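Below, in structure tokens: the form predicted on its own, a single chain.
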């Protein structure tokens, strides 16, 4: 005689042990149901670092501009004064250097946009996928080299015994040598990749169907570019100008290497921080490019260019 033995069954819900209500579990449950709190905690560390490095440093710079240097001891006097601001705003030297710096930055930006537009358009709309990848690598490759190496390379090219003089001499021309022209050429080369990439990204988002529709309606190449491509790519172009203009506005190393006796705002800041040992005046001078950049960003903000950065 056989008997069928059946194992006792546990009541429902008692087979799987309930996890312990630990602090980590309660925190996990809370964060899973509060996405905003989770996002705030995730961004707290980088935002704290950004505030510490950028905002606090900028505030310290602003405060330092209202201090002065004791002419006898050379020590910074933490007494509030507007002397540095008045000196920077009314001094003919600072006005001349400010206009020169803005002019150089504008010329560099115009040159880079003029060079970047056809390159970016070819990459986005004409080149094959394989050629496009190779061109992107070619654009990024100069960024792998050191800034100083590239600047000194241009110093060698632009020198009186450089390769540019060797190329131009048979035609009766000569190298520009060191000066503002050399500064503009070198800065245009240095910042060109930063202008090409956002314009390329903007042109890549322009639908090919719009170009085909313009061609079907009899539109020629230049009217199509002027009336279809440029309006859609304008935010990306402005985004590229932000890079070239702001980087040129604050640069001083290139001017020291290829600029000869020319000075820009960055050089004045560097001189007053180092040789002159006048940090408050240097801070006051540094406020000029900062104010210009903030004004430029305020103007371009409405165009949507900041979304392309």
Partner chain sequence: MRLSRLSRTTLGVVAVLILVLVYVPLFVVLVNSFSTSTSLSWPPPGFTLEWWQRAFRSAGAMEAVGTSVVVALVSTAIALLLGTLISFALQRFDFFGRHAINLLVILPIALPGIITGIALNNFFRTIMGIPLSIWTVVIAHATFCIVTVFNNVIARLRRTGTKLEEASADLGAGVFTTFRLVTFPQLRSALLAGGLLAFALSFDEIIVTTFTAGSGVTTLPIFILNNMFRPSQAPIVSVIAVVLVIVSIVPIYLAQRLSGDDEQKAP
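Positions refer to the first chain, counted from 1. Between two forms, the rigid core is the largest collection of C-alphas that superpose within 1.5 Å. Here the structure is a predicted model, which means the values were calculated and not measured.
What follows is about the form predicted in complex with its partner chain, which we do not show.
J.: Its partner chain is absent from this chain, but in the model of the complex, do 136, 192 and 269 each have a non-hydrogen atom within 4.5 Å of it?
T.: Per the other structure, all of 136, 192 and 269 touch its partner chain.
J.: Quick check on residue 144: any heavy atom within 4.5 Å of its partner chain in the model of the complex?
T.: Heavy-atom contact with its partner chain at 4.5 Å: present for residue 144.
J.: With heavy atoms only and a cut-off of 4.5 Å, decide whether residue 121 touches its partner chain in the model of the complex.
T.: Yes, residue 121 lies within 4.5 Å of its partner chain in the model of the complex.
J.: Is residue 250 part of the interface with its partner chain in the model of the complex - any heavy atom within 4.5 Å?
T.: Looking in the model of the complex, residue contacts with its partner chain include residue 250, since a heavy atom lies within 4.5 Å.
J.: Taking heavy atoms and a 4.5 Å cut-off, does residue 246 contact its partner chain in the model of the complex?
T.: Because a heavy atom of residue 246 falls inside 4.5 Å of its partner chain in the model of the complex, the answer is yes.
J.: So which of 87-95, 209-217, 230-238, 169-177 is the stretch with heavy atoms within 4.5 Å of its partner chain in the model of the complex?
T.: In short, 209-217.
J.: What residues of 26-63, in sequence order, lie within 4.5 Å of its partner chain in the model of the complex by heavy atom?
T.: Contacts from 26-63: 27, 28, 31, 32, 35, 36, 38, 39, 42, 43, 45, 46, 47, 49, 50, 52, 53, 54, 55, 56, 57, 58, 60, 61.
J.: C-alpha of residue 58: shift of 2 angstroms or more between the shown form and the other one, rigid core aligned?
T.: Comparing forms between the shown form and the other one, the residue 58 CA shifts below 2 Å.
J.: Is the C-alpha displacement of residue 161 equal to or greater than 2 Å between the shown form and the other one once the rigid core has been superposed?
T.: No, its C-alpha moves less than 2 Å.
J.: Once the two forms are fit on the core, has residue 149 moved its CA by at least 2 Å between the shown form and the other one?
T.: Residue 149 C-alpha, core-superposed: shift of less than 2 Å.
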